[in-house]
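What follows is a single chain, given as structure tokens, in the form predicted alone.
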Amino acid sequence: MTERLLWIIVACGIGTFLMRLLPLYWRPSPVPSPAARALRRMLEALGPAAIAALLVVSLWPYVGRGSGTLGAAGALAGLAGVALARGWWGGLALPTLFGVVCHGLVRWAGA
């Protein structure tokens, strides 16, 4: 392990810790200040932004060079499966499982 990697791991740990600690100290006052409103909006946007970043990082190899149309079709089938299952049953586990099955079926059928 290089020293640079160690510092990256430490920075990620501190960032993760602060993301969980700061909302505990933030208490809404009866008349919120503009800074408090801005912090609240920033914290509310953090979750969807993190999920979108993870989605892009996860799907990037499927649409990049060398994966062809099968990779993109599998990714689209997985996303469609998640959206459909989320609309029908709701929740988190079943849509995830359904998306994985759709992705796997498309990849298996194309192989």
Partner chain sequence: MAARRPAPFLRGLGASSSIAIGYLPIAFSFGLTAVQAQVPAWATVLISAVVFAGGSQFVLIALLSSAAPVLGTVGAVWLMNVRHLFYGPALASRLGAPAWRLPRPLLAFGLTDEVFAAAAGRLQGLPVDERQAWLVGLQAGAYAAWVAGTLLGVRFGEQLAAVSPVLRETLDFVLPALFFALLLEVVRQTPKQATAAAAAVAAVLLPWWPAHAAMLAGMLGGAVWGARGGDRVPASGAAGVPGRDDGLDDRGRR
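Since the model is a prediction, treat every value here as computed from it, not as a measurement. Note that the rigid core is defined as the largest set of C-alphas that superpose within 1.5 Å between two forms. Numbering follows the first chain given and starts at 1.
Just so you know, the form predicted together with the partner chain exists too; it's not on screen, but the next bit is about it.
*Asks:* Do W88 and the partner chain come within 4.5 Å of each other in the model of the complex, heavy atoms counted?
*Replies:* Result no; W88 lies far from the partner chain in the model of the complex.
*Asks:* Applying a 4.5 Å heavy atom distance criterion, does A38 contact the partner chain in the model of the complex?
*Replies:* Yes - in the model of the complex, heavy atoms of A38 and the partner chain come within 4.5 Å of each other.
*Asks:* Within 41-62, which residues have a heavy atom closer than or equal to 4.5 Å from the partner chain in the model of the complex?
*Replies:* Contacts from 41-62: R41, M42, L43, E44, A45, L46, G47, P48, A49, A50, I51, A52, A53, L54, L55, V56, V57, S58, L59, W60, Y62.
*Asks:* If the two forms are fitted on the core, does A38 show a Cα displacement reaching 2 angstroms between this form and the one not shown?
*Replies:* Yes, the C-alpha moves 2 Å or more.
*Asks:* Is it true that L105 shifts between this form and the one not shown by 2 Å or more at the Cα, once the core is aligned?
*Replies:* After core superposition, the C-alpha of L105 moves less than 2 Å between this form and the one not shown.
*Asks:* Aligned on the rigid core, do the two forms place the Cα of L94 2 Å or more apart, comparing between this form and the one not shown?
*Replies:* It does not, since the L94 C-alpha is displaced less than 2 Å between this form and the one not shown after the core fit.
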